[in-house]
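To begin, one chain is listed below as structure tokens, in the form predicted on its own.
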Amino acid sequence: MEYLPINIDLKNKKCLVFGGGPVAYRKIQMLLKAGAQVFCVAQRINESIKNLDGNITTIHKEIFYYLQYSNLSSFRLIISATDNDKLSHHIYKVAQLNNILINTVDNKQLCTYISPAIVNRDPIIVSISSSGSAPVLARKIREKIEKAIPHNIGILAKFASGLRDSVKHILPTLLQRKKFWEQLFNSSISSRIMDTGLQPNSHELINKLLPESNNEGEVFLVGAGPGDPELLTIKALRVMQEADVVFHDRLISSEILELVRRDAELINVGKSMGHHSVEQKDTNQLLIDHAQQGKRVCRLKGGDPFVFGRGGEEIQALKKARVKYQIVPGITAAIGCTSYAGIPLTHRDFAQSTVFVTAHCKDSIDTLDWSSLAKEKQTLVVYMGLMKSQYLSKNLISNGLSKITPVAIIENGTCHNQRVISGNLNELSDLIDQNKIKSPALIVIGEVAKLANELAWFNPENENVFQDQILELA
């Protein structure tokens, strides 16, 4: 993160704008909305600026001269909106010498702060910034957010502000208050307040929305998908942003964890082959303990929690402890990774069925039905199979599957560092060793695996395709 987003109080603070054209006009408008005391300096100042309502002073002077003979120490910030590069550099140096925040329009190098694109629903303000790298893109994102946020949501925010002291007095704990606010904002009462502007009685409203038991928590078993954050479901994202505590697997990406509510507690209970940072029984108990403390608990699992994710075991433990729970499915790796690798799990010419299997069994991989797995016209998707790859190929071949059956190994599927390695079943182990494949990786066995090269579409490390498209457009 290149810049720290902050909101600055400019009420009755002196702000200096250099320039008297349309750009300066737009900047001055925003400063006046924030209650600033604006001083606009330029030799020529547009009539639109002079006609602005608010605390604004126009100074018709040559800017170099003004900088030379004026004391700038009382100004909170400076906006440089000239079209003169030499002048812009000089203004920046003067601002630096005086330790004043400065934004030079359309020149990131001459800025100590960035002006974001803004969605204004006063007192709700949403700021979108590209750190100065792509302001037009930030404005496009703002347009999407504008459509999503009701124009009258500010009414609800002001009502909530007036209610805070009463809520704090009646509900003594932070957890109780958080639950109340969530219930209010999720209820139809919020819509009525926004639509009508009517404000219900504070005490009656609080009593109406009080939960039956302030100590009753709930666990949400959430599938985070195979890696790409955009593959999260809408419900998964909502739960992540409402959770008090999140227990997550080892392989949940940092990009996905960034989407969790900022003040939520993050606890890693992940497992890897031969190493369990937290034993499963202890994870189960942690979920129970936190829910019984009245918390909203998110158990975040890679892929789908019910596909080789031990989700069933955790839900059984919750059920036994009489803890409320919900299940939020996710896209399992077999679906997501093969799609991103261009491998259809079924195809009329090659496979009429698909089987998901894990090589990391509770007891032993020997319990697998090898003759059933070695059938033709079938796609076999193996989870956690890297360490057992040689044993896997040997048993499939000995049970009748051709040694030249196509295979594909998908490493870091759906992520920016995805790799797809193709070959034949008899060379599976060598492919893994030679290409230094590491977990997380998925093994696909069957005729459909040979389609990976033909149907590949997701290859973030290869820019040649993108460059060809650019040339075609040109």
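Every value quoted in this text rests on a predicted model; they were computed, and no experiment measured them. Heads up: residue numbers just count along the shown sequence, starting at 1.
Separately, the form predicted in complex with S-adenosyl-L-homocysteine exists; it is not shown, and the next lines address it.
May I ask you to choose, among 55, 439, 434, 426, the residue with a heavy atom within 4.5 Å of S-adenosyl-L-homocysteine in the model of the complex?
Result of the distance check: 439.
Just one of 393, 88, 332, 379 has a heavy atom within 4.5 Å of S-adenosyl-L-homocysteine in the model of the complex. Which one?
Selected residue: 332.
Among the candidate stretches 308 to 316, 166 to 174, 192 to 200, 150 to 158, which one is within 4.5 Å of S-adenosyl-L-homocysteine in the model of the complex when only heavy atoms are counted?
Selected stretch: 308 to 316.
Does residue 37 reach S-adenosyl-L-homocysteine in the model of the complex if we count a contact as any heavy atom within 4.5 Å?
It does not: once S-adenosyl-L-homocysteine is placed as it appears in the model of the complex, residue 37 has no heavy atom within 4.5 Å of it.
Just to confirm, residue 337 within 4.5 Å of S-adenosyl-L-homocysteine in the model of the complex by heavy atoms?
Residue 337: yes, in contact with S-adenosyl-L-homocysteine in the model of the complex.
Can residue 383 be called a contact residue for S-adenosyl-L-homocysteine in the model of the complex at 4.5 Å between heavy atoms?
Because a heavy atom of residue 383 falls inside 4.5 Å of S-adenosyl-L-homocysteine in the model of the complex, the answer is yes.
Flag residue 217 as yes or no: does it have a non-hydrogen atom within 4.5 angstroms of any non-hydrogen atom of S-adenosyl-L-homocysteine in the model of the complex?
No, no contact at 4.5 Å.
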